[in-house]
Ligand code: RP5
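Encoded as structure tokens, the following chain is the form predicted on its own, with no partner shown.
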Amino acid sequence: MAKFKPLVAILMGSNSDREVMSAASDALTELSVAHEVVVTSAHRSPEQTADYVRAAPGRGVKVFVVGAGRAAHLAGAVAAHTTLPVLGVPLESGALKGMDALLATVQMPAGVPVGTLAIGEAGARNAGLLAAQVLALSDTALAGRFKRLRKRMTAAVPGVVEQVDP
């Protein structure tokens, strides 16, 4: 039996983030991209987080998708321990409705990039899709699956034109 080799690692700071971050997993599953989902914290388990990130490329991981709310340091902590692409998903939580997470995720120091997506579920889905696009640069089969997904999305738009003659 072949050993599982995830291409994408989806990380989140808390189990309560699973509902939103499942949109990233669903997008990757739809495109048949092997991935794993991990709960780890930049603050409560920093050594575990660093160890996981450093070991991930050896298991096949090529892109990280990271969701976190409030202080949202997880994406930056991941980026600090890898040179692989890190896609950050700010999660809505607390009084600021995710704006704090957005600012924390997008304001990385020069040299430690985190590609930041929209707050919440749309950002999580787009992060999964963007991770697949990155992988598709060197995977023609995945590129074809992505193109077919886009065609299905286009076909789902009704294209209704309303003509009104008063």
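Computed from a predicted model, the values in this text were never measured in an experiment. In case it trips you up, residue 1 is the first one in the sequence shown, and so on.
The next section is about a form of this same protein that is not shown, the form predicted together with 5-O-phosphono-beta-D-ribofuranose (RP5).
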Please state whether every one of the three residues Arg54, Thr82 and Gly115 places a non-hydrogen atom within 4.5 angstroms of 5-O-phosphono-beta-D-ribofuranose (RP5) in the predicted complex. no
Name the stretch, out of 65-73, 127-135, 46-54, 26-34, where some heavy atom lies within 4.5 Å of 5-O-phosphono-beta-D-ribofuranose (RP5) in the predicted complex. 65-73
Using a 4.5 Å cut-off on heavy atoms, which residues of 14-41 contact 5-O-phosphono-beta-D-ribofuranose (RP5) in the predicted complex? Ser14, Ser16, Asp17
